[in-house]
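One chain is shown next in structure tokens, namely the form predicted on its own.
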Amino acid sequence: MSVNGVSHEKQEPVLRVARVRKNYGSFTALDGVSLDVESGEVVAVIGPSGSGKSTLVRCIDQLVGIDGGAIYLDGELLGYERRRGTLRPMKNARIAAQRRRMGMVFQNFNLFPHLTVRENITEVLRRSHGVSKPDADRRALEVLDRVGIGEKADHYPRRLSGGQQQRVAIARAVAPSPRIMLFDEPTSSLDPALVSEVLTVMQDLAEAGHTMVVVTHEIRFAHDVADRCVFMRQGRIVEEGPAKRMLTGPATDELRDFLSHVGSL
């Protein structure tokens, strides 16, 4: 559609999750979940334990397969290809190539203990993204400075606090300039005193325009930083909407009850 010669067609969302199902035996972890994430948008995913939040981001990152529906990144189907009129799983090499367009930050830091902080980043850039050693070194120092620990570049992870290790993990995920960042409860394994330093880095990324899906129990962060909030329960999205409105005036009894138990704001 165009008006006066100017196109007003809606852009393809960066991420589209369409009626996704995931089962573990008789247990349904995701029950027809649909979600669009636009470029530059920050979406916080909240909900009680076992609601399917972590399963959702793990399916998006193709760490686990789905049992129904589809997931698209910039309009490209993830994990499957159409051949002779039927969908078939992609080969692992193609799945790996798709995953390289996403950055994933886990609950645990997953750093390589035998590599320095700098090497934890440069190895990913060189081996997975084909970046030269000089360029990888420059990029590693750049992102480490960005998360506030450039002076720790030549330290080993064991010498860092939990908050610092998680900041390294975030820097490693950001370094290849992914299309979307996925966070799976990034502060859940941290001491309370260290949570704020990680949330500050994530807020800086959001303000810089990164597209982000954040599974979190930090309701204040979701309220203050996220554009949109998604509340999940029993494998389904129960409520979603603008984060500030939704977290101060929930529309469903389920979200209202959840917020009353987590001490929201």
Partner chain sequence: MTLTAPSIDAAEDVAQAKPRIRVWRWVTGTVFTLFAIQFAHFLVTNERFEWPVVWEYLFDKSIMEGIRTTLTLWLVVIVLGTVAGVCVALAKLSSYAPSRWLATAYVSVFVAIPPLVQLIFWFNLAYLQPEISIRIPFGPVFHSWPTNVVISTWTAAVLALAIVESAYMSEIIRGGILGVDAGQTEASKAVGFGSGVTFFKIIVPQALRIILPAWGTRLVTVLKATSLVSIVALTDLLRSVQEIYNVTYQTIPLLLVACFWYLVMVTVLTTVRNQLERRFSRGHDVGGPARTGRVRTARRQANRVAVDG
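Positions refer to the first chain, counted from 1. Note that the structure is predicted; figures quoted are calculated from it, not measured.
Another form exists, predicted together with its partner chain; not displayed. Remarks below refer to it.
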**Item:** Listed residue that, although its partner chain is not shown, lies within 4.5 Å of it in the predicted bound form (heavy atoms), from 143, 181, 124, 71
**Value:** 124
**Fill in**
Answer key: of 130, 89, 192, 134, within 4.5 Å of its partner chain in the predicted bound form (heavy atoms) is 192
**Message:** For the three residues 210, 217 and 248, which mark the spot I'm curious about, does each lie within 4.5 Å of its partner chain in the predicted bound form through at least one heavy atom?
**Reply:** no
**Item:** Contact stretch among 147-155, 74-82, 92-100, 134-142 - heavy atom within 4.5 Å of its partner chain in the predicted bound form
**Value:** 92-100
**Asked** Is the gap between residue 172 and its partner chain in the predicted bound form 4.5 Å or less for some heavy atom pair?
**Response** yes
**Request:** Give a yes or no for residue 233: in the predicted bound form, does one of its heavy atoms lie within 4.5 Å of a heavy atom belonging to its partner chain?
**Result:** no
**Contact flag, residue 239 vs its partner chain in the predicted bound form, heavy atom cut 4.5 Å** = no
**Message:** With a cut-off of 4.5 Å between heavy atoms, is residue 228 one of the residues that contacts its partner chain in the predicted bound form?
**Reply:** no
**Item:** Heavy atom within 4.5 Å of its partner chain in the predicted bound form - qualifying residues of 51-87
**Value:** 58, 61, 63
